[in-house]
Structures are given as structure tokens and as C-alpha cells.
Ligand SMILES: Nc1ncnc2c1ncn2[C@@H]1O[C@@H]2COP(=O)(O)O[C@H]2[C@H]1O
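This document starts with one chain, in the form predicted on its own, laid out as C-alpha cells.
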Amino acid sequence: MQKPTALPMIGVQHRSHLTPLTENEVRFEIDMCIGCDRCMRACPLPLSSQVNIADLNLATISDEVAPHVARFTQECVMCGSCVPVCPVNNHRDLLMLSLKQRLGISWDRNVDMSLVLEYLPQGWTLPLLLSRLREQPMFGDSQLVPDNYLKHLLSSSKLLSLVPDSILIQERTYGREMYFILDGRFMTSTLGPLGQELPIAVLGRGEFVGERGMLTGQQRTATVKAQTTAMVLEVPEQVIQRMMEVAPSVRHYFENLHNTRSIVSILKRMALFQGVADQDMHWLASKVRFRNYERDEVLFADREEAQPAREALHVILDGFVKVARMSSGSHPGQGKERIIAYRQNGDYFAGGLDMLGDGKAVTATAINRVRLAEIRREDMLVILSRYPEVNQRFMHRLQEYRVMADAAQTFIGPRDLLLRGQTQALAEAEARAGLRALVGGGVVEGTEVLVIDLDKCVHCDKCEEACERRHGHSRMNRRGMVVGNISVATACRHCQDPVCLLCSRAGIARLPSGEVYITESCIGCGICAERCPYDNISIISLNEQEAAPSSTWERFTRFFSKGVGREYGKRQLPMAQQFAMPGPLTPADGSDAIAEVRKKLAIKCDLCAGYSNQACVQACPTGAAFRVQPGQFFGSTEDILNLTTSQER
């Protein structure tokens, strides 16, 4: 029997590359199983304690699927914890994949709407709710989005009744929920350069907001306030993502809309295109080609086959890009990469020769997930010919790139030190190594990075001990990447686009203020830790016990070495309880993971959410530890080079 091609999988995007087993392979794996239950003991799902391997094997090869086995199969997140513990090397994850696909999509089955009906506001009915959702453009076709999908959407979402002047979305906060307006009217606005409120649009029934945050995880770009009494459906990110999986037309709608809005918005904000008429701006946007790149994927390179791509103007819509050049070696292939700069959303470059203006090619590589708008050379020339001032700005920008390329020195360190001139310039090789570390190590991607001034640090470990006292486990390691006299500690950086947030159970989330934290829905499956490229998430077993000190001497030495306030016995759950919340996909019958036996948990720095200070920073006796925003602390490449050039003069 031939192995089938990979089928679409729902809720397991992190392992979408898997290929299911054939029928013969499934039976072979089941025959090899010795029934030891080690895979079930290793499974982080709380429900695994109620399922034995015999029931699971029977369900895999027959139509006898017990209700608790069906629910366990639906909740399986394909983390792979079951695979390495199997003594006969069975692929239990692939067996679960086969069972998942045989059971089908859970949204195709009936959904219990009793809770939705119980909390419906007066005057609202289920048919009315469904009809209002059908007014949304992405849900209009019942052939592509059946009623049952909308019922599942409703059962996992919240109905919000708002009074006038209620703020639904606040500008410059984080959030991944979407809001569908069922009734009422809203005003969207943004802050002007002087802090004044600038109206953008009025939204009403049949419209929606929040799709950019849901798709990108970036900060909200506008404030949305109710003008009248309103009814809104708040849909968690995990639920709308599930809808986009089961109904691809919904995904296509959002992606196309977001691409169009993003490029028009960014072009209007770019100094290069100031003065271009709206008609020409929309014409240019209609000519744009959108491209998506994963981490470490090359946008264009200095190879011959990459030349045509470098003829276009590239505008970064989301993400970070590393710009580098290969230095020449004595023999072909011996050159080394030299990082020249990094770019982020809103930045642009004309590629290779045009950008640097020195006759040498460059390579652009995605540091994280990048969305790029590519404007063809012939379309750009039309705009430049119509608007001489745009052409002049463009040529001036190219001249700045030439200056940057000629300035081979790069200082990596706090910008205020450059301004005060209190430090010597690093050697060129060391400077480039520092820039490589900042860019290649993803530091520029963070929003809150814990750094330690090594000139002040006395290596007392008070920061780690304070973190452990507060949370039960230390969520940081003061040792990490070293750039100059600055050490970037091993702790969560709260990235602009956190790839760890891909959790079907909403076990990891982000507060509006930006802190990425672990919720009560976490089961410790390890998917977020696996996806974190900087190893800043750990998984702990909740069965771990720490014995309390027995003798007086042990208590005495513990007091002076670890400090007071440490609770002994079973370790506390390392999460900010006041912000912990159930996951949005928790079953409506109340039999969620919180009521069952939790085996493991993810831990990470959440900036001490819920506390008035950060334990690690507060405990440092010399002030060596502090949090920074990389863009402000290290500065952009151009800023640093300009400061260096002005000092040398």
C-alpha cells in the first residue's frame, strides 16, 4: 500500500509537515506495542491519567471509540512527549494523527449551545446572532462557512454589551482578540504628533476590528471607542485561527485585506512618498507583490540567480531583516558574512547594488517571520518620474547608504556612552562580531531585554535567587550573550512577534501592556519551549518536591544563602495568579484541565506581572541588572554610525 500524501491537520500547525501512516503501518505499530503505558505517563495532558493504552489502541484500529478517548484525541496537541519513552520505538504521535484524521474535524460535530443561550441578552436569539454574523463579509457564504462552524465560534467566544464611550481597543497596547460588531456604532482614532485625537473612521454593524493584532501580534494601531450602546462578539485568537483552518476562505479574506491595508498605511507614513496623491498611492499599492519569509530564509542574495529580485524596491511590513555582505577570501567559498545593518517594519531598501551604491552585492535574511512588499522597478520609475521630489529623497537616501557602507567602524553599546564619549571605540572585528550577536541572536527582536553591565556585576547571583524566591523557580540565568561590557541575560525578551504564542490551548498569552505570560490552561506540553529560538522557556514537573531543611544549621545557612520568604514543600505554580485565566478552548461542560491532575508546566519570565517591581532588577546590589528596549538602548545601525562619524570629526 502506498503511503498517502499529508492531509490538512487542524489545531497542530506546529507539526503540519507530518505524513500519516498507512493502514498497514498503523497495524504494525499497534502489534509492536507492549502495553506498558509509558507513553500515557509521559503525556502532559491531564486527561491522559484517565486513558489507558489498551483503549487507545482499540480506538486506533476499530470503530469502538469511547467518549473519553475521543475527547483525549481531540485535546492531543501532538507535542511528541510520548515518542522518546517508548521501549519499542513506536511512533505514538503518528498513531494519534491517524486517529485524529479518522475522527474528523470537531467543528463538524454538533455543539452544545446551552451556555450561549443562557447568557444571551434580552431580545437576542440564536437565529438573530447567526444572521448578524452572516453580515460579516468573510462569513457570508454558507457553503464555505456552515452554520455549525459559526455555532462553534459563538460557543468559544464572548458577547460584550457596551455603553457609549466604552473603549474596546486601546492604541499602542497588545491584543490578539478580534471583535465583530453585531449592533451599535464605534469611532476609530489615533494619536497625532501632539497627542491629540485624530478620527479615522466610524464603524457599525457588519464590520470588525482587531484583525491586524490577530494576524501579526503587533501593537494596536488605533483606539476604538463606542459611540452608542453596542453589542460585540469578542473572539479569541485561537478560535479565529481554528476558523481559518477549517474554512480556508476566511483565511484568504483576512490575509488579502491585511496586505492591502498594510502597504497603503506604510507607504503613507514613509517620508519617501510624502506628497504622492492618494490615487497614485493606491495605484502603486495595487501593483505590489506580497511575500512571506520564515526565520533564516533568504530574501535575496548576492548570487547570479537572485539578481532580478534586487531590481525591486522592498518594503518591510512586519518583522526584522538582516543585511549582510560576504567578504572575499583567498579562495572561492572562503568568504565570511559581515553584517551591515538590520531593518524592521516600515524600513525599505532597493536591494544589493542600488542600496549600497558601491558596486558590491548584499544578502538580506529574515531574522524572524517577515512579510515583505515588493514594488517592481518599472512601477517605481513611474512614481519617480511623476514626482521629482520623491526622486530627490530617494537619491538622498541612497547617499546615506553609501556613507554607512564606507564607515566600516561600528560601536555596539549604550548610545549615551557614545554621546558622552566616555568609552573607546571597539576594534572593527569586535564591533562587527557585536553587531552579528545583536542581530543574529535576535536581541533586536525583543521589546524588554534583561541586560547586565559587567563592569558593575559582582557575580553574586542575587538576581537569580530573588527570581526563585518570588516564583518558586528561577526564570532567568544571568549568563548569556556578551556584547562589549553588556551581557544579555538568558530570560524572555518579550519579542515583537513571539513565535511561542502558537498554542491551541491558550496556555501562553500576552497582556495588553506586552508581557508574555503562562496561563492556567498550560499543560506543559513543551511546544512553546520548542518554538522559542532563544531557549528562554523551561518545562518543570509539578511532582518535584523540595524537602524543607531538617536541622537548625541547615535552616540557618539557608537563611543567609537564599534569604527569607521561601516556601518549602511542593513548589508553587510559577505564574502570576491574578492574571492566570482558563483557555478559550476549554470544554463548556467544565471538565477542563484545571479540575484535573496537571503534570507539567511551562515557566518563563513574565516581567513579574502583577508585582510593583521586577525581582531580579530590584535585588541587584550594584544596579548592574536592568531592562532595556534594544532599539533605544543600542540604537539603529545608522544612528550609531552617524554618532561615530560626528565624534571622529
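Because the structure is predicted, anything quoted here is derived from the model rather than measured. A residue's number is simply how far along the shown sequence it sits, counting from 1.
One more form of this protein should be noted, the form predicted in complex with the named molecule, which is absent from this view; the next part is about it.
- Counting atoms of the named molecule, placed from its pose in the predicted complex by superposing the C-alphas round the site, that lie within 2.4 Å of this form's backbone or C-beta atoms gives zero, so the site is open.
- Among heavy atoms of G80, none comes within 4.5 Å of the named molecule in the predicted complex.
- When the named molecule is considered in the predicted complex, K100 lies well away from it, no heavy atom lying within 4.5 Å.
- Residue contact with the named molecule in the predicted complex: Q344 places no heavy atom within 4.5 Å of it.
- Contact annotation: C457 falls outside 4.5 Å of the named molecule in the predicted complex, judged by heavy atom distances.
- Exactly one listed residue, out of R220, R470, H314, R371, brings a non-hydrogen atom to within 4.5 Å of the named molecule in the predicted complex: R220.
- L203 is the sole member of L203, M243, C532, I375 with a non-hydrogen atom within 4.5 Å of the named molecule in the predicted complex.
- The three residues L154, L233 and P236 each lack any heavy atom within 4.5 Å of the named molecule in the predicted complex.
- Across the options 209-217, 292-300, 267-275, 376-384, residues that bring heavy atoms within 4.5 Å of the named molecule in the predicted complex belong to 209-217.
- Applying a 4.5 Å heavy atom cutoff to the named molecule in the predicted complex picks out T188 as the lone residue from 180-195.
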